[in-house]
Ligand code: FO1
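Only one chain comes next, encoded as structure tokens, the form predicted on its own.
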Amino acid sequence: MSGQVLVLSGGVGGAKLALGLSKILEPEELLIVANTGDDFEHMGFYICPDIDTLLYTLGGVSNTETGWGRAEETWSFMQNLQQNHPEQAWFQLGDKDLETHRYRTEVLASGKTLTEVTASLARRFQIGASILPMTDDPMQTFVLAESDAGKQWLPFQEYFVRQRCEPRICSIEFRGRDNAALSPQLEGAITGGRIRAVVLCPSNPYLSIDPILAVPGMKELLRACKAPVIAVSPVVDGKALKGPTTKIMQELGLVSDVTTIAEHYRGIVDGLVIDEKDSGALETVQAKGISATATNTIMLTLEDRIALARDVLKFAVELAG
């Protein structure tokens, strides 16, 4: 089965599977579409959290203990910021991490696109696979959050980092989507006839994958794609392995299980990979018109990530017939 594998990814969970795929595919075979709904400007820097997690993970310089940021990081900047401007210190920026943001901000200001600067950063980190932003246009995730102070719309990072996901989510919207477009590089990759499989990583469906799918034209291109489209469930035995996925599903009135994930992706995916702990739900998922397979989806080690990547590609071969 020749061709390229197109991967839709958020941050930590998606980067783990992307890393596994990078170990078994040739660099030119792997195309990763990164969520940019989390992107924001802070203290004059243009910050792309999910892109950077992918860059650091595939570049072998990620902080494996925190799951985000750079390994062997130093924090002189943040320590001084905390002393002098504590109101701005809510978003952690390590000294090495800052150089990535400084470079990105400078190159964007020169007129380059986010796709171009991301490709340049990938070369800096000696990454052979292509990392493509979901769009070069501003498109930001906002959540309608409810707390004791009432309801208010918050940019994603305000909710996720500054308020630590504590408010209740009532609704999610992607601002700027009406004026956003797929980059020529991304659209060309999907329509070029070389895609052999599309993989939706086990990232948060609502905050990481949905923004990518919300870019005008993305869903239509995936539905028209002749390659199998496969999602990997981020929910195992009723719980998310990382992040607020379970909390958000409950707050939106949804049952936190793999059948809800299947329903969410119905009409887009051909197959769903679930954890072996949820194997009892295979028939329920298949009853929704989605093929399903069960394997170990808990990626604790590099070997786990490679094994899941192999299972996902094997499933794609089976669905391709």
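Just count from 1 along the sequence shown to find any residue number. Quick caveat, the model's predicted, so the values are computed rather than measured.
From this point on, the text means the form predicted together with this ligand, which you will not see here.
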Within 4.5 Å of this ligand in the predicted bound form, heavy atoms considered, which of 157, 245, 130, 115? 157
Is residue 38 close enough to this ligand in the predicted bound form to count, meaning some heavy atom within 4.5 Å? yes
Residue-level contact is defined here as any heavy atom of the residue lying within 4.5 Å of this ligand in the predicted bound form; does residue 14 satisfy this criterion? no
Quick one: is residue 271 in contact with this ligand in the predicted bound form, heavy atoms, 4.5 Å cut-off? no
At 4.5 Å between heavy atoms, is residue 119 in contact with this ligand in the predicted bound form? no
Among 22-30, 257-265, 272-280, 47-55, which stretch sits within 4.5 Å of this ligand in the predicted bound form, heavy atoms only? 47-55
With the partner left out here, which residues of 79-113 have a non-hydrogen atom within 4.5 Å of this ligand in the predicted bound form? 90, 91, 92, 93, 97, 101
